[in-house]
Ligand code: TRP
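There is one chain below, alone, in C-alpha cells, taken in the form predicted alone.
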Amino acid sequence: MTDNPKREQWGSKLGFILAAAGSAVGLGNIWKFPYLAGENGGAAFVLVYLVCIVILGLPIMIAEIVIGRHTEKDPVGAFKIIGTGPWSLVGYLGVAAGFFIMTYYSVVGGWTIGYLVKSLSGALCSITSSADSEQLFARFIQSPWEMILYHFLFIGATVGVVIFGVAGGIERFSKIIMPVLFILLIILIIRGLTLPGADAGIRFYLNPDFSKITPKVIIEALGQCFFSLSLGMGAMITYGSYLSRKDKILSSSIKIVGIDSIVAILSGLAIFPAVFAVGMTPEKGPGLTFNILPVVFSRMPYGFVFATLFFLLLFIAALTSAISLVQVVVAYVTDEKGWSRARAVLTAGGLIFLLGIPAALSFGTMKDVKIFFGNTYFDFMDILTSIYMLPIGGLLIAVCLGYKYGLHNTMHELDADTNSFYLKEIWAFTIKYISPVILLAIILYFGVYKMIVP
C-alpha cells in the first residue's frame, strides 16, 4: 500500500501515541481496574494483569495498528482488503461494537458529569456512610431527566472534539488532556499517601500474596487487559490508518500499552491508600467508585476538593475513550459512504443519543423492562459487546491476519523498527499460535461458563 494523500494523518508521532493511549485509557482503567484488583487480591491481580498485557494486549494492539496502516482504511474497508468474502464481516463487527458500546458507555460517562456537578455543589459533603452514598447514587440513576441530560452532555462533549478531525480535533485535544489526566492522578496519589493509615492500602496493593493467584484471577486479568486497551472494536485499526509510514509501530504500541498500564496502576494507588486510611475495605465490586469513594472523600480534610478532582479525572478518561468509539463509526461512514465529517459526526452522535435513552432509563423508568433475555437494555448491551463482540472480534482479527491474509504480507509494516527483529518474530508467533487460544478461552469463560455459573 502507499500513502493516500487525501487521507487525514496524525500531525506527529506523539499526537498518535497520546490519542491512541487516550482511546485505551478509559473507565476500564480508573473505575473497573481498581475494583477488580480489590476483589482479586490486590497486588496478586496487578502482577498477573501486567503479564497478561504482554502476552495478549500488546500483540493484538500491534496487529490492529498494522492492519490499519497497511490498508489505510476504516475497519470495514480494511477487512475488504485483507479478508475478502465472509471475512469482511469482521470489519462490520468492529464498527457495530464501537457504536453499541457508545450507546451505554455515554450513560456511564454522564454519571461522571453528574458526580462532578455534585462534587462542585457540595452534595457529596453530607455523605457520612456507605448507606447514604448508595441512596444518593440510587436516586441519581433513577432520575430520568438527570440521566438523559447528562447522557446528552457527554455525547455533546464527544461530538465537539471529533467534529474537528483527526489532527485538529482528536490529536490536539489529546495533547492537552492526557497530561492533565496524569497531573490529576499524581495529586490524588500524593493526597492518599499522606493520609494516616494509608500504609495498609499500599501493602495490599503492592505486596503480592502469590496464594491469591487462582485460575479465576488469571482469566479475569486476561479479560480486563483486552477490554481496557480498546481492542476488538476497530479503534486501533482506525487510528492506525492515519499513521505515517515513517513512524514505528512496535515502539509506538509499547508506549501506548505502557501509558495505559501506568494509568491503571496509578489509579489503584490513588484509591486504595485512601480507602484503607478511612477504615474501609476494597472488596466492594463495581460500586467502589460511586458508592464507596464519596464516603472516603467526605472523611478527608478538604475532601470536596479531591472528590471534584477525582470525578474530573474520571470524566476525562471516559471522554478520551468515547472519542475513539465515535471516530470508528465516523471513519466508516466517511470512507465507505463518502459523507462529510460534519454530517457523519452529527448523525452518529444523534443516533447514539437516541439509542442510548433506553440505557439511560434502565435504572429507573425502564428498570423492570427485561425483554432482552431477562436483562435490562443497559445490561444486555454491556453483555453483548464486552462479553461477545469484542473478544470474538479480537479472535477473528488474529486468525484472519495469521492464517487468511498471512503475516508475511504485513511484516514489512514493522520494518521501521530496525532494531526489533526478534520482537517481530515473537509477535508473529504470538498472533498465530498464542492469541487465538487465549481469546477462545476468554470467550468460553465469560461468554459460556460465567453466564451459566455466575
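Numbering starts at 1 and runs along the sequence shown. As the structure is a prediction and not an experimental result, all values here were calculated from the model. Here the rigid core means the biggest group of C-alpha atoms that line up within 1.5 Å when the two forms are laid on top of each other.
One more form of this protein exists, namely the form predicted in complex with this ligand; it is left out here, but the text below deals with it.
- Stretch 25-33 is the answer when you ask which of 399-407, 25-33, 54-62, 40-48 has residues with heavy atoms within 4.5 Å of this ligand in the predicted bound form.
- Interface residue among 237, 271, 360, 325 relative to this ligand in the predicted bound form, by the heavy atom within 4.5 Å criterion: 325.
- Contact with this ligand in the predicted bound form, judged by any heavy atom within 4.5 Å, is made by just one of 276, 332, 226, 150: 226.
- Heavy atoms of residue 231 reach within 4.5 Å of this ligand in the predicted bound form, making it an interface residue.
- None of the heavy atoms of residue 205 is located within 4.5 Å of this ligand in the predicted bound form.
- Contact annotation for residue 289: none of its heavy atoms lies within 4.5 Å of this ligand in the predicted bound form.
- This ligand in the predicted bound form is approached by residue 321, whose closest heavy atom lies within 4.5 angstroms of it.
- Three-residue candidate spot 101, 105 and 390; every residue lies within 4.5 angstroms of this ligand in the predicted bound form by at least one non-hydrogen atom.
- After superposing the rigid core, the C-alpha of residue 49 moves by 2 Å or more between this form and the one not shown.
- Taking the rigid core as fixed, one finds a CA shift for residue 226 of 2 Å or more between this form and the one not shown.
- Residue 101 is not among the residues whose C-alpha shifts by 2 Å or more between this form and the one not shown once the rigid core is aligned; its shift stays under 2 Å.
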